[in-house]
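Below you will find one chain, with nothing else, as structure tokens; this is the form predicted on its own, and questions on how it binds or moves follow later.
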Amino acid sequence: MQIGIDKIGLFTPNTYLDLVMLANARGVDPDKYTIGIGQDQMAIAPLSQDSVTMAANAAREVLDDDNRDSIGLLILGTESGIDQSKAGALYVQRLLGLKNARAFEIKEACYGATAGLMTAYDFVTAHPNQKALVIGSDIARYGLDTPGEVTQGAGAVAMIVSAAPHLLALEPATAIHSDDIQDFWRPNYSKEAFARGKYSTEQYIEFFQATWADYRAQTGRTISDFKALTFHLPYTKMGLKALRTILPEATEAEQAQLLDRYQESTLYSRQIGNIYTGALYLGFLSLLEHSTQLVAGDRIGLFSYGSGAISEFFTGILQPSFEKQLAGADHKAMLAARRQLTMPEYENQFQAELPEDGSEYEIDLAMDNAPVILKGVKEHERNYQVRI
């Protein structure tokens, strides 16, 4: 029996900031952002979009009459949770019109959606007549005029996991490496994360090398067995640094192929930015929707990393007619239709906050055309609405 990803959907807010504009405003050479970091734009979430609404908006793309009633598990991976107790997955379940699923939220930095995917794999293995909905949804925040400002972003990726998947069949062998390190964290009292950037990059690469070596030892496979390798992308140059450490294992032709596929996997991230738990799957989706070289039967490697830290390297096989499960034209149209913010608009939107005392607050929805939105807060409760 094969288990894997049957469908995959994407959502990002409809406003963004151009990073050349940001560089000029901060007195930085734009090449540092567009070449050195590898980012061109970053999505900026209005108050009307949070981890719940973005998750529901992404999931609407993959739910249909054929799979809705068979969803037995709903997992939201996020590090942008809205409540210390109640899982965001339960709000998402209601907004999607789903019922009676196991619904919960997973937190482990950017690894959360992968933890959800692996849990879904086990669930569907035990319940092959049911499906799972796994979502990674996040708003990456580091603060205005901070070193991490250029690696912010917002968005969500949703995946249907099923038996006999039409997109990617996951292979059972995975390699995991975890350790208690302090490269990135966000205490309860802070709206922005703390990061040791250079140290985190070093750990990311070391964790990749550890999982890659473990995977090779387990399976006997080599880099020649892969048509593409995709990575967690907090910024697009991060995965490239890891990939380059193993490229000498490949022939010159294989190296060129892997580098080409890598660049295709970064195209959405360059426009959306860092979406934490969804970043790996944003890269995977970008690869599939931009590459013309992949065919059914190709093996894809995926490297997931969540600071703190845990990493996992796993693989999947592209399925016959996998292209029919994609919506590349719709995703590119969504990105093209976004509105570019000015610097004052960006800074005002970034600094806008819901009241911390739970008092009543109505959000201005004029700039948000998404189907699922947050209308405001009343009596300590968030008021969500499905408009379409």
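Computed from a predicted model, the values in this text were never measured in an experiment. In case it trips you up, residue 1 is the first one in the sequence shown, and so on.
One more form of this protein should be noted, the form predicted in complex with acetoacetyl-coenzyme A, which is absent from this view; the next part is about it.
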TODO: Just one of 113-121, 294-302, 210-218, 144-152 has residues with a heavy atom within 4.5 Å of acetoacetyl-coenzyme A in the model of the complex, so point it out.
DONE: 144-152
Task: Site check Lys198, Lys241 and Tyr276: each within 4.5 Å of acetoacetyl-coenzyme A in the model of the complex by heavy atom - done: yes
TODO: Would you mind picking the one in Gly328, Gly358, Pro320, Gly36 that has a heavy atom within 4.5 Å of acetoacetyl-coenzyme A in the model of the complex?
DONE: Gly36
TODO: Note which of Tyr235, Tyr91, Phe313, Phe284 lies within 4.5 Å of acetoacetyl-coenzyme A in the model of the complex, where distance is taken over heavy atoms; exactly one does.
DONE: Tyr235
TODO: With heavy atoms only and a cut-off of 4.5 Å, decide whether Ser307 touches acetoacetyl-coenzyme A in the model of the complex.
DONE: yes
Task: 4.5 angstroms heavy atom contact with acetoacetyl-coenzyme A in the model of the complex for Glu362 - done: no
Open item on the list: Quick check on Arg68: any heavy atom within 4.5 Å of acetoacetyl-coenzyme A in the model of the complex?
Closed with: no
- [ ] Decide whether Lys332 counts as a contact residue for acetoacetyl-coenzyme A in the model of the complex under a heavy atom distance cut-off of 4.5 Å.
- [x] no
